[in-house]
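Okay, so here's just one chain, in structure tokens, the form predicted alone.
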């Protein structure tokens, strides 16, 4: 066990994890997942929100096995290596709202940090704008960290509380396997068209999720952590995994002819650069203030971290808000006459992004360590 732990904590461990994600995500796309969306934590949590009826946008409703696999794979690894620790109580309500705003920002951009990297490796140059916004958000968040920002320490809790998120994921898996419908016309919903109707075989998707969950739990793979560590302490350890992900995803897309360079009419993407940028500024800022990217939050929830679980539930609720209140962006498309109709957010989405950035800035400036005075 000690040798395995040492390997996963090495540079090779994080590089292999990034490479595995970079290869498997385009393969999932080849097997049925939406284009340039082999794995997208934000998009997949949005689909889950739709499947359980939190929003009623019929084209994005499906219980994504990859998300379930992330949590259960992390749980398995944490139990095997004795790292399962039920804990919580670190500003849970703030984390919930950070999750909501992180999802709003991601759905204005149309993707999480993972999908931004995968969109880039598929030739979607709009992802460069999004990644610029993401880095900007992390740099702003790093400034707050330097100035003493903290949400406080989590505390040990009863072990059963740490199993609530894995139990929720098992329930979702049962709903998916048995295609449960509680009443005709009501949840559970499954899309008949659009991105929600596009998925790889269940066993393969779940297996990929479990494998990534195990690897990421062992290596602490995190896109936000990678950028943060470079900015704050000039440590490139996690960044090597991100670089490996992009290189391997690009190579896999080239092999399967899934590389289509350009800006306009990219799959589930829009070319409003201002809102691609600002959407990811909000997402990056919310992620770093919460302590990790959306994938990392899922892996932590599998380890028993209730605070991460609350952030995940905030993202799922944020997806519902985004679609119920028309905050999410629409993708570019062609009119019947063949003219380009540029997508992007409507006015409500733009207001929500600005409000979310202001919320995160206030939290970043005000949440400091509180010393007891006598």
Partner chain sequence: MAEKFVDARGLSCPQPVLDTKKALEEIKHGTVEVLVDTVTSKENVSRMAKKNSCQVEVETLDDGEFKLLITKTES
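Residue numbers count along the first chain shown, from 1. Bear in mind that the values here come from a model prediction, so they are computed numbers and not experimental data.
Note that the form predicted together with its partner chain isn't included here; everything after this is about it.
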> Which one, 173, 232, 247, 80, lies within 4.5 Å of its partner chain in the model of the complex by heavy atoms?
Replying inline: 232
> residue 251: heavy atom within 4.5 Å of its partner chain in the model of the complex?
Replying inline: no
>> Can you tell me whether residue 153 touches its partner chain? I mean in the model of the complex, with a 4.5 angstroms heavy atom cut-off.
In response: yes
> residue 195: heavy atom within 4.5 Å of its partner chain in the model of the complex?
Replying inline: no
> Does its partner chain come within 4.5 Å of any heavy atom of residue 162 in the model of the complex?
Replying inline: no
>> Counting only non-hydrogen atoms and a 4.5 Å threshold, tell me whether 64, 179 and 209 all contact its partner chain in the model of the complex.
In response: no
> Quick one: which of 274 to 282, 114 to 122, 256 to 264, 234 to 242 gets within 4.5 Å of its partner chain in the model of the complex, going by heavy atoms?
Replying inline: 234 to 242
> Counting only heavy atoms, which residues in 199 to 214 are within 4.5 Å of its partner chain in the model of the complex?
Replying inline: none
